[in-house]
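Only one chain comes next, encoded as structure tokens, the form predicted alone.
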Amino acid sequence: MAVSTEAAAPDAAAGAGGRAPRPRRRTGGWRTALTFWYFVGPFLIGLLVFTYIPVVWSAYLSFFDARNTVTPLPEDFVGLGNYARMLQDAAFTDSLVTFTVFAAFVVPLTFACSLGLALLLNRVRLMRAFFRSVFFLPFSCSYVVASLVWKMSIFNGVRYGMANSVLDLFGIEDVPWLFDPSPPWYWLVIVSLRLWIQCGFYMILFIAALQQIPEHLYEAAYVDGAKPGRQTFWHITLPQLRATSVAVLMLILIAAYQAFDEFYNLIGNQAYARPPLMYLYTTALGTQQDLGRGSAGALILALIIAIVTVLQGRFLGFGNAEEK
């Protein structure tokens, strides 16, 4: 009986309208996919053309004696010779030491200043958006423009510069901030410039993390007798900021490895303050035009960044399964 009823249903539908209704085609799926690739496709093409292909080709060039050419011949193959020459080059190793000194100043100072600003602004109730904008605004400034302002207006080493004008008020002689490696006053100029530009960005990250901390944790701490301030910071605030802190430290460290603009515009190609990227720039694109050695040095630098980042994450416990 059920079979005859089911068989009669299509006939009844066909008799009522003359034709059996056709199933509707689902067109939303391919339209959604087409829209997705319409927006994402140009970015993927740009990433492929300007990032992945150059990285792969740079790795290929690092095994050849590629001077003044990006298409070396098979007989120019030198294997790991370029890597050995870069590791034995005193100028390249000195640039790594320069980075180490730069990172030793920049990483802890940027972290401390960003966290301190975030803690202060998170407590502000009046004109909060204004103060956040003021501290974040330098991040949108170009390193080139900021370097020229630092060099020509603040630390230009002459009497009418702002820094030396302040020192004159206390009877202190003018300081050649950027032109005398002993004492190395140029570190003050470079580090202060990096702090002025970057602290606002990492401050926003810390503020976002602070707003995610549940208020009941502080209330429970006050009930247990904890005093607001140092005790709640060390036992509640800082542990809750662990994931953000590790991420910020990684970003600061990687950015320090990539330092180029401020060194180039403030000091130029001086041996006493030359980061790795500047040395690789002069090697590959300067008078030598040695693209093989430059590519090998770039890969060595990328490998160092990757190793340090992984070790830092492992040491600080970033990405553990138990971390939430």
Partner chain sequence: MVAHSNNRPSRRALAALALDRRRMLALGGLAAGAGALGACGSNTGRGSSDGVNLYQWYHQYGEAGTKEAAEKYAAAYEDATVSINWVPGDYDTTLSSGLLAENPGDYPDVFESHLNRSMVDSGQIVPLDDLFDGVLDDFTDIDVKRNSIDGKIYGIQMIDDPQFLYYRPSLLADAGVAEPATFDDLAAAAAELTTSDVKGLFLGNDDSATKLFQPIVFSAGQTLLTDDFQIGFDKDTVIAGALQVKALHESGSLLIGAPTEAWDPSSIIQGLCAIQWCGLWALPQIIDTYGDDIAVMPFPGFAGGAQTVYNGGWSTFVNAKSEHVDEAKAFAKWLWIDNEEYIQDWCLSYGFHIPPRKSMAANADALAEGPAATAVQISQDYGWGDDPNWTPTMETAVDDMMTHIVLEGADPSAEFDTAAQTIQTELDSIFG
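Fair warning: this is a prediction, and the values are worked out from it, not measured in the lab. Residue numbers count along the first chain shown, from 1.
The same protein also exists as the form predicted together with its partner chain; that form is not shown, yet it is the one meant from here on.
Per the 4.5 Å heavy atom criterion, its partner chain in the predicted complex is contacted by stretch 280 to 288, the sole one of 280 to 288, 295 to 303, 52 to 60, 251 to 259. At the 4.5 Å threshold, heavy atoms of residue 271 reach its partner chain in the predicted complex. Using a 4.5 angstroms threshold between heavy atoms, residue 69 counts as touching its partner chain in the predicted complex. Its partner chain in the predicted complex comes within 4.5 Å of no heavy atom belonging to residue 122.
Among heavy atoms of residue 38, some come within 4.5 Å of its partner chain in the predicted complex. In terms of contact with its partner chain in the predicted complex, the residue from 169, 223, 126, 90 that brings a heavy atom within 4.5 Å is 90. This chain appears without its partner; in the predicted complex, the one residue of 160, 77, 131, 233 with a heavy atom within 4.5 Å of its partner chain is 160. In the predicted complex, no residue of the candidate spot (114, 206 and 229) has a heavy atom lying within 4.5 Å of its partner chain.
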